[in-house]
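Take a look at this single chain in structure tokens; it is the form predicted alone.
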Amino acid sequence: MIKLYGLRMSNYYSLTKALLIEKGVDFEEVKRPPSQKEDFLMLSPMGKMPAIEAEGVYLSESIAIATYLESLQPKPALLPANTMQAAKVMELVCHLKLDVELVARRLLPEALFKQPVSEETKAAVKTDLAKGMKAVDRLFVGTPYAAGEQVTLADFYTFYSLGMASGMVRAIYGEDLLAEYATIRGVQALMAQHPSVQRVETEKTA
């Protein structure tokens, strides 16, 4: 059985949990806050959430975990069989993670912990987020899912990466990150009703 380490408050923990549920893989949740202590760094070299333990090996980073799960349990497939289509899904995942969610994280100290972020940082983040969202929008299909007719890994990243980023933008700027992106909003709404995502979100308050 796979062990999933972290806390339910983490969007990447929640994403990984949703993938485990989607794949029908048996797993156990182990509550472990992020830490720079040596015992946690054995699980995750940067001390971040989440990490999993499988086959006697620790694995961190959501994309690495998702890749492992795709090989471990091919059905239901979250990457297209076509090599280029699969690569395009991963391209979209990278832009969601690196050019939107990671950029928005620069606002996290003030949004969550009331530690002021400089006005220069806020201005730079706003500019970079606009650029990142345009990149994501160019890659989005949205008929009805992020990459086309089937649910893929990109849909889970759309829900969990943009969910976090949208919360940061709302808290700091009082704006809707997705106001001009009806197609992306549609995918988020669709994924909010997806069974594995619904279970994860419901269990957060359990």
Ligand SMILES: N[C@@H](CCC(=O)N[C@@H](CS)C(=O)NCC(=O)O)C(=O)O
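Quick caveat: nothing in here was measured; it's all calculated off a predicted structure. Start at 1 with the first residue shown and count on from there.
Heads up, the form predicted in complex with the ligand isn't pictured, but that's what we're talking about next.
Quick one: in the model of the complex, does every one of Y145, D155 and G186 get a heavy atom within 4.5 Å of the ligand? The answer is no: none of the three residues contacts the partner (heavy atom, 4.5 Å cut-off).
To verify the annotation, which of these, E29, E61, E70, E53, has a non-hydrogen atom within 4.5 Å of the ligand in the model of the complex? Partner contact (heavy atom, 4.5 Å) among the options: E61.
Name the residue from L43, L162, V169, M49 that puts a heavy atom within 4.5 Å of the ligand in the model of the complex. Looking at the other structure, the residue within range turns out to be M49.
How about K97 - does it come within 4.5 Å of the ligand in the model of the complex, if we only consider non-hydrogen atoms? So K97 counts as contacting the ligand.
Answer yes if any heavy atom of R105 is within 4.5 Å of a heavy atom of the ligand in the model of the complex; otherwise answer no. Yes, R105 lies within 4.5 Å of the ligand in the model of the complex.
Does at least one non-hydrogen atom of S10 fall within 4.5 angstroms of the ligand in the model of the complex? Yes - in the model of the complex, heavy atoms of S10 and the ligand come within 4.5 Å of each other.
Which of 118-126, 75-83, 131-139, 97-105 lines the interface with the ligand in the model of the complex (heavy atom within 4.5 Å): So the stretch in question is 97-105.
Taking the ligand in the model of the complex, which residues of 14-45 have any heavy atom within 4.5 Å of it? Just P34.
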